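Next comes just one chain, in structure tokens: the form predicted on its own.
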Amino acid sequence: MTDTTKEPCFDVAHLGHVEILTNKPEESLDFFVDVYGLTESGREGESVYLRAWDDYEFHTLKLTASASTGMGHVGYRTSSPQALERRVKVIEAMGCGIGWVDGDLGHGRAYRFRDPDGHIFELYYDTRDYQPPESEKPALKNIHQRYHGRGVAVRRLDHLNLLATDVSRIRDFMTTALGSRVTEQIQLDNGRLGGCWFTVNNKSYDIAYTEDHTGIPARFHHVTYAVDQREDVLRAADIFLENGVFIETGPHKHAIQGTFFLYVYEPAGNRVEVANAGARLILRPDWPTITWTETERRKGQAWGLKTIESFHTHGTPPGEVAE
């Protein structure tokens, strides 16, 4: 029987942006603009603000120069100012709040908090629409920038994946703090959760957490931008090849969520994905969580490609596998 007693919560509208730290700022910026195909929308301090051509907000990627790598923070936009206040009350009652910050070039004030593994989140409502210069204005008024065809030319921010030392604690946290739904998960033979995929809207997922085999907390796995079709992912593989970008795995199709994928490392070592999710949406309001066993996952991806070992160990900042 499906548990239909819990009312779905839609206080959080969507994944807004991800801040990535890089110790090779110029090389990383060249990758994200010239190869990956993002557009620079502004600079402030040590950060460059970037977006894909169909993202409506001022930025979806904040690239920040740092002595380290990994994720600085992840931002979600709420569905209203009132929803923001409701979520803050819940998060403060959970005891994981950091506090209010003024925001940045892309959005207004935001409330920051930590997940159980130490990753930093923020929630905000007031945001800044991207206003394209004349050279980028599209023919149609319902998109924010014309298609430019530069590099991979990814279309929009899709999701991110974070590593965690205890995915079960993350599951409880995300469903309470953000009102996320768990669409799919991996149940390991030892009783732990190997991975969880969450959504706050009708996308199949906007964030995933997978178990970090190094035992190091608060590490970053990857950020993903979407393209329109599988052929765009194949084209991306050729573009990465021609530009000397390390391809970790793919192109192939995930068994979980059915996403057509390609994973690479940007110059600082942060993992980046190009993906096509097809037309898959979670429209069912009482969606039952799909649970995969360890045995099922050992079969590999949808068409038999074995999951590469570095998928469980490579994250940023880098770390060594625990003995």
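If you're wondering where the values come from, they're calculated on a predicted model, not measured in any experiment. The first residue of the shown sequence is 1; numbering continues from there.
What comes next is about the form predicted in complex with another copy of the chain, which is not displayed.
Although another copy of the chain is omitted here, in the predicted bound form none of Thr69, Lys89 and Val101 has a heavy atom within 4.5 Å of it. When you look in the predicted bound form, the only residue of Lys253, Arg114, Arg169, His213 with a non-hydrogen atom within 4.5 Å of another copy of the chain is Lys253. The stretch among 186-194, 90-98, 216-224, 131-139 whose residues place heavy atoms within 4.5 Å of another copy of the chain in the predicted bound form is 131-139.
Residue contact with another copy of the chain in the predicted bound form: Arg230 places a heavy atom within 4.5 Å of it. By the criterion of a heavy atom within 4.5 Å, Trp292 is counted among the residues contacting another copy of the chain in the predicted bound form. Among heavy atoms of Gly108, none comes within 4.5 Å of another copy of the chain in the predicted bound form. For Gly45, no non-hydrogen atom is located within 4.5 Å of another copy of the chain in the predicted bound form, even though that partner is not displayed. Contacts of stretch 137-166 with another copy of the chain in the predicted bound form, defined by any heavy atom lying within 4.5 Å, are made by Lys137, Pro138, Ala139, Leu140, Lys141, Asn142, Ile143, His144, Arg146, Tyr147, Gly149, Arg155, Arg156, listed in sequence order.
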